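In structure tokens, one chain follows: the form predicted on its own.
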Amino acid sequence: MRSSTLDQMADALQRGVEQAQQRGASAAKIRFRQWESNGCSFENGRLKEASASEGLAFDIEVVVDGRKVSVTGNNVDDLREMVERAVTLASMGSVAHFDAYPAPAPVPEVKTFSERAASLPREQMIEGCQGIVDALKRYAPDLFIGAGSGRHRAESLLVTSGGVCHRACETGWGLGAHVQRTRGTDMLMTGYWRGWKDLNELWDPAWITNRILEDLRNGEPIVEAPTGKTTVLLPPEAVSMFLMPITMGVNGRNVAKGESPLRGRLGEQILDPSITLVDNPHVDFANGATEMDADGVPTRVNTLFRAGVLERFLYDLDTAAMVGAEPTGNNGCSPYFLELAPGPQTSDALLAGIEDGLYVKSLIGFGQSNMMNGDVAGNVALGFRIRGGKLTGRVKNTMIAGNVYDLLRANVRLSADRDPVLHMPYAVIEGVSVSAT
């Protein structure tokens, strides 16, 4: 990465904000970012690419006469011209429900930068991917295997007309692999990925390998799928997917527009009492960790559901002003890092307690239904029949459907163990509609 220029940019950004105000903007902000990344990718078991890139960009937003507009650029020499352009274009922008950015407020300390992650060598990334590929090929030489890894570091500076001048630095890495096994007309696909902002014990190629091997072994026999109303076991990654309609429901913009089915229901028992769902951007080094939103509002921990009771909607500055609420510091009214509180039993115990059911690991087409209303449907990309508390084989040509609000209203059981990256437990859900051909 080119040497940090944030100190030099601070004065330039401040001058840009003042320029916008002098030209009639009631509010203005400029965010500057610079980044670098390195990575590698494997295709069909062989190293395909080793890449590196770097760049910089800035975003300008102004509010003029009740309308706001954003422009972007990547040449800092054009900053004054771009500010002028933003002010000129504001009359054609969207309606702004606020006329000023907030004054500085105490900012939480959240760790997002790790020197270990920033200096992760490409050789280690290649070695990690190669180790995964070699282990999988030893199990089945005919597998089509893809793998990849990358790391990045970035710095940003936000200056607003409210007086905020906030600098942020972050790092991150990712490591993952996917496989395809084809036998005649039968195809099995599976894969896993991990990422974090600090290079620690979560960097574990063997974990990814073992998860894929587990799916391959469990998927050897093909069995008949259950049908009708079925007990379904979800791993943490699938639980995150099932929560998507819920996050859309607590999005303050959707609430303000009257599209969320949760509008007007604060304080109501919406979900099973086992469900406590928190948006926590203050988990050090988590992928969604952040100290401040894009408007200069400090982030905070927001409990969305406590024991199934709806407690809060998420608002950015504009949407909060629209409805007369307090901004929660959430960009786009979306959560940063969802945490689902664990339950009392281990995931092994949850599986052992299912006499007949379906273990759904991944889905295809899940988001094509009316998710805003809570309706979900999808083809089971990878799933296993459960009989007598054990996985007995892989199911094919199977679909699931239901309404998330109905499915999560009662009889939900969550595991005590959670995925260390996702902070999600396993979940048992009753009454999921399953069909098979």
Partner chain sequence: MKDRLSEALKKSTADYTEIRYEIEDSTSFGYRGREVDRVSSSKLAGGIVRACTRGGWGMAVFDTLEDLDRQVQEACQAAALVGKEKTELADAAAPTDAHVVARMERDFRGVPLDEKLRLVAHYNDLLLGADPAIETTNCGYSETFRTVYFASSRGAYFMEERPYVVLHFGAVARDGALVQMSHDSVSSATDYGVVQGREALVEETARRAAALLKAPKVEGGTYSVILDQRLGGVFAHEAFGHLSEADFLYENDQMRELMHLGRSMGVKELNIVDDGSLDRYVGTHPYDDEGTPTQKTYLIREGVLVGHLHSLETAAKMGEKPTGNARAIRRGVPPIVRMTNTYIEGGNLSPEELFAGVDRGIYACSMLGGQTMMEQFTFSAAYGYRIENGQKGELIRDIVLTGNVFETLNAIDGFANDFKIIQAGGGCGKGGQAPLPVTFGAPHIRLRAVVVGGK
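The structure presented is a predicted model; accordingly, all values stated were derived computationally and were not measured. Numbering follows the first chain given and starts at 1.
What follows is about the form predicted together with its partner chain, which we do not show.
Taking non-hydrogen atoms only, R387 never approaches its partner chain to within 4.5 angstroms in the predicted complex. Contact annotation: S260 falls within 4.5 Å of its partner chain in the predicted complex, judged by heavy atom distances. Not displayed here, its partner chain is kept clear of A410 by more than 4.5 Å at the level of heavy atoms in the predicted complex.
Using a 4.5 Å cutoff between non-hydrogen atoms, G163 does not count as a contact of its partner chain in the predicted complex. You can rule out all but one of 302-310, 341-349, 197-205, 95-103: in the predicted complex, only 95-103 has residues with a heavy atom within 4.5 Å of its partner chain. This chain is drawn without its partner chain; in the predicted complex, the residue among W193, F144, Y139, F113 with a heavy atom within 4.5 Å of it is F144. Of the candidates E355, D78, D284, E326, D78 is the one whose heavy atoms come within 4.5 Å of its partner chain in the predicted complex; the others do not.
When contacts are defined as a non-hydrogen atom within 4.5 Å, all of L89, I364 and N370 contact its partner chain in the predicted complex. For the partner-free chain shown, E43, N44, R46, L47, K48, E49, A50, S51, A52, S53 of 39-53 come within 4.5 angstroms of its partner chain in the predicted complex, judged by any non-hydrogen atom.
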